[in-house]
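Just one chain follows, in the form predicted on its own, and it is written as structure tokens.
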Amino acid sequence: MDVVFNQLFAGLSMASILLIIALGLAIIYGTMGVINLAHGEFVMLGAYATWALQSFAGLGVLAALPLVFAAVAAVGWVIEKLMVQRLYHRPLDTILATWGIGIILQQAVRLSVGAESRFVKGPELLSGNTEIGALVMSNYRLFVIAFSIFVLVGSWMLMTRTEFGTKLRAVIQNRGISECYGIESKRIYSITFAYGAGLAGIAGALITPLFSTIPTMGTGLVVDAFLVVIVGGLGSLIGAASASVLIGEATALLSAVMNDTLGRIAVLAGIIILIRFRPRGLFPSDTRN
């Protein structure tokens, strides 16, 4: 049981990272219908921005979080304005365009800082472990779990309890009618895309003390995040939260029982079966018009 509890905690901490990444994907797709294949590269940019801020400005991970969010959100805003905005209602073109953007961002990082692994030191404030019986929990991983809940609640409040959220929901329901009422849908789309990119940047910053930072680090993470969004229901925040916990915990437990490769295969098989019977996911969102 000690091993099981520790694996559950490890799965929960990984689920927290997936949740923050998947929230950005879910928000962008739910609002704009855009499948953003460059989302993993936004995670990578967040990780490298954190490394740069620590290496050259002496900022720790916690202090770097708001700056990383702003920087990656700005990159997302520029990309949406220059390319994505021209491809609305052309999903195949958008997939191809964002895939190309991802490749460009990866190569830009390779050319500017190199392809070797970079490492970021975790915050001293959160060093050490918390022990409850035989359960050993990293303080930093506990912070990541708590922060992911904060991001989830904050995103939900932004979407449901603010003027921006009201306008956003109006654009999702019917873009044409909302524009008749003076809502600038293009501006709403730009802000939403930037917000989703900023969330990916935050996820990249949070994982830097846990994993090495390389130009291709976002590729595997975004695949898992897409699985979370599909299982949870496209565009659903609650679905993304539920699916991230489900996939994270299942992967951790099955990897412990079998091995990492077989565990991931088993999880993927379970997802395929689930989609067979619930093709719209666990918590499908309302249909966009």
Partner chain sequence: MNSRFYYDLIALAVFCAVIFLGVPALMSYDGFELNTFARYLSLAIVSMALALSWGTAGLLNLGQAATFGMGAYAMAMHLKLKVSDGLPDFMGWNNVEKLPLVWVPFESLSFTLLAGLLVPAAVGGLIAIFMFRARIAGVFVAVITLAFLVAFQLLVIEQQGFTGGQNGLTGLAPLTLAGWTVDTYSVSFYYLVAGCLTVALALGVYISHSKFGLILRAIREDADRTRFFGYNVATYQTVIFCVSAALAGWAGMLYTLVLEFASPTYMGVSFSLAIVIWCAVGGRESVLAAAVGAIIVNLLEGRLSDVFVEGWHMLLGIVFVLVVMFMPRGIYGVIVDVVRRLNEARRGGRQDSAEDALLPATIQTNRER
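Note that the structure is a prediction, hence the values are computed from the model and not measured. Positions refer to the first chain, counted from 1.
Another form exists, predicted in complex with the partner chain; not displayed. Remarks below refer to it.
Asker: Going by a heavy atom distance of 4.5 Å, is Asp93 a contact of the partner chain in the model of the complex?
Answerer: Asp93: contacts the partner chain in the model of the complex.
Asker: Would you classify Thr261 as touching the partner chain in the model of the complex, given a 4.5 Å non-hydrogen atom cut-off?
Answerer: Looking in the model of the complex, residue contacts with the partner chain include Thr261, since a heavy atom lies within 4.5 Å.
Asker: Since only the chain is shown here, I'm wondering whether Gln107 would be in contact with the partner chain in the model of the complex (any heavy atom pair within 4.5 Å).
Answerer: Because a heavy atom of Gln107 falls inside 4.5 Å of the partner chain in the model of the complex, the answer is yes.
Asker: Is there a heavy atom of His89 no more than 4.5 Å from a heavy atom of the partner chain in the model of the complex?
Answerer: Residue-level check for His89: yes, a contact with the partner chain.
Asker: Is the partner chain close enough to Ala71, Ala250 and Val257 in the model of the complex that each of the three has a heavy atom within 4.5 Å of it?
Answerer: Not a single residue of the candidate spot has a heavy atom within 4.5 Å of the partner chain in the model of the complex.
Asker: Residues in which of 61-69, 236-244, 29-37, 42-50 have heavy atoms within 4.5 Å of the partner chain in the model of the complex?
Answerer: Selected range: 29-37.
Asker: The partner chain isn't shown here, but in the model of the complex which of Ile214, Leu135, Ile145, Met83 has a heavy atom within 4.5 Å of it?
Answerer: Looking at Ile214, Leu135, Ile145, Met83 one by one, just Met83 meets the 4.5 Å heavy-atom criterion.
Asker: I need to confirm a contact call. Of Trp156, Tyr140, Trp77, Trp99, which residue comes within 4.5 Å of the partner chain in the model of the complex, counting heavy atoms only?
Answerer: Only one listed residue qualifies here, and that residue is Trp99.
Asker: Pick out the residues of 256-284 whose heavy atoms come within 4.5 Å of the partner chain in the model of the complex.
Answerer: Read in sequence order, the residues that approach the partner chain (within 4.5 Å, in the model of the complex) are Asn259, Thr261, Leu262, Arg264, Ile265, Leu268, Ile272, Ile273, Ile275, Arg276, Pro279.
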